[in-house]
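Before any questions on how it binds or moves, here is one chain, the form predicted on its own, in structure tokens.
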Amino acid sequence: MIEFEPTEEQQLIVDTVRQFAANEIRPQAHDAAESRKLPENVLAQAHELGLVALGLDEAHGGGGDRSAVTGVLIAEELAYGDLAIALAILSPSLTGLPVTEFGTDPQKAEILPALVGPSFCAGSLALIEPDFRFDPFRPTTRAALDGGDYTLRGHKCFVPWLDSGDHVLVIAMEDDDPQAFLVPRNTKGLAATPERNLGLDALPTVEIELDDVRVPASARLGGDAGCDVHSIIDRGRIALAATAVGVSRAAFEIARDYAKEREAFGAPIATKQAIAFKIADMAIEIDAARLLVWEAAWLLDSGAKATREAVLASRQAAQVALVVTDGAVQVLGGYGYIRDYLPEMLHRNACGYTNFETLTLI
């Protein structure tokens, strides 16, 4: 039976992150996008809250709480403040959570201490490829065992690339099986080219080329046992769906509050049927998308396979984000088209969801 009431601890986390998003993230969202620079003070404050460390291996300084439900609650609240900053805050999870779940003891000892250390340290995951035929479960990037090393060849895009990171987790096909490899960013043969995309202006992403990149066999996540890439992708899809709900909620609340204040013909436009119905539809779609996200996360926590539910949640939440953010632009009218107001940025950010698979994990 799915429980719709958060635990006392989860509610405390939600209240804390919601306040942090409203007071620290949202006020800096616009300037961060315009300057294309993340606010370092916000990343440092978020690191002190331990939002990612909560789910990392307890033996290496993490909290040991691998609850996917807790993860989606955090992701929604952060994205409610701003999507780009939220993805930056959660970026350590891109390497930290897979290593916690599947890593060998030496891999955990190498990767995790920096992520839970005294200062913020970013993570990165390279999954998506610049090819319309891209299949996340059968990437064209290849990994071949050559003596005691693996050689990686291929291209990736939409790879988060914050300055403080040391490793990127690369998903590649080894024979007929997708696996993950921990690659230091300064490895010979790895070239990163900055991207310029429609949205997420504050989040640095790159396209990377792996040209005969050689890493030791010990860089294979999980060692001889390998890892379950399907599980990583499921968690990424659910996490992104949660952030889409947060973006949608932000756009909805801005549109709702504006409609209550803006008057036309002697009455708030919220009293006009067309506006009232549009705002009501926004609320319905957001709540429905959130329930899909919670169901998928609950299935993960119960140990069940959640691939179907992850796909449904991610696709529906992405569609809702597009519709709701566009609706917010329309409700604000001319103001919705101006960069000084958030709906314009929220809508551009929402356009990216149909292209993303894993920009964060829960």
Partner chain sequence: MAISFELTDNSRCARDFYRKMAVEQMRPIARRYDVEEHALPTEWVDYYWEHGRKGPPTDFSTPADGMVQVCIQVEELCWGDAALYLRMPTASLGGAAVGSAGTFKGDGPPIWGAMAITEPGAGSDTAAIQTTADFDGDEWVLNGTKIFCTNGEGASQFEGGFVVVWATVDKSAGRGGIKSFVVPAKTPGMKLVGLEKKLGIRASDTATLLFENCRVPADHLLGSAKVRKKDPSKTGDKGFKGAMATFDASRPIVAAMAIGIGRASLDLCRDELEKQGIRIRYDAPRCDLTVIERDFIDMEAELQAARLLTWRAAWMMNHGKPNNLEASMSKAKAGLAVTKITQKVVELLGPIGYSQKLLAEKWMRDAKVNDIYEGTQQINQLIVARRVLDYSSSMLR
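These figures come from a predicted structure and were not determined experimentally. Positions refer to the first chain, counted from 1.
What comes next is about the form predicted in complex with its partner chain, which is not displayed.
Shown here without its partner, the chain carries 271, 280 and 312, all of which come within 4.5 Å of its partner chain in the model of the complex through at least one heavy atom. Contact annotation: residue 292 falls within 4.5 Å of its partner chain in the model of the complex, judged by heavy atom distances. Among heavy atoms of residue 181, none comes within 4.5 Å of its partner chain in the model of the complex. Shown alone here, residue 225 lies farther than 4.5 Å from its partner chain in the model of the complex, counting heavy atoms only. Heavy atoms of residue 146 never reach within 4.5 Å of its partner chain in the model of the complex, leaving it off the interface. Here the chain stands by itself, but in the model of the complex one stretch of 186-194, 135-143, 243-251, 207-215, 135-143, has heavy atoms within 4.5 Å of its partner chain. For the candidate set 69, 53, 29, 329, a heavy atom within 4.5 Å of its partner chain in the model of the complex is found for exactly one residue, namely 69.
288 is the sole member of 198, 109, 288, 264 with a non-hydrogen atom within 4.5 Å of its partner chain in the model of the complex.
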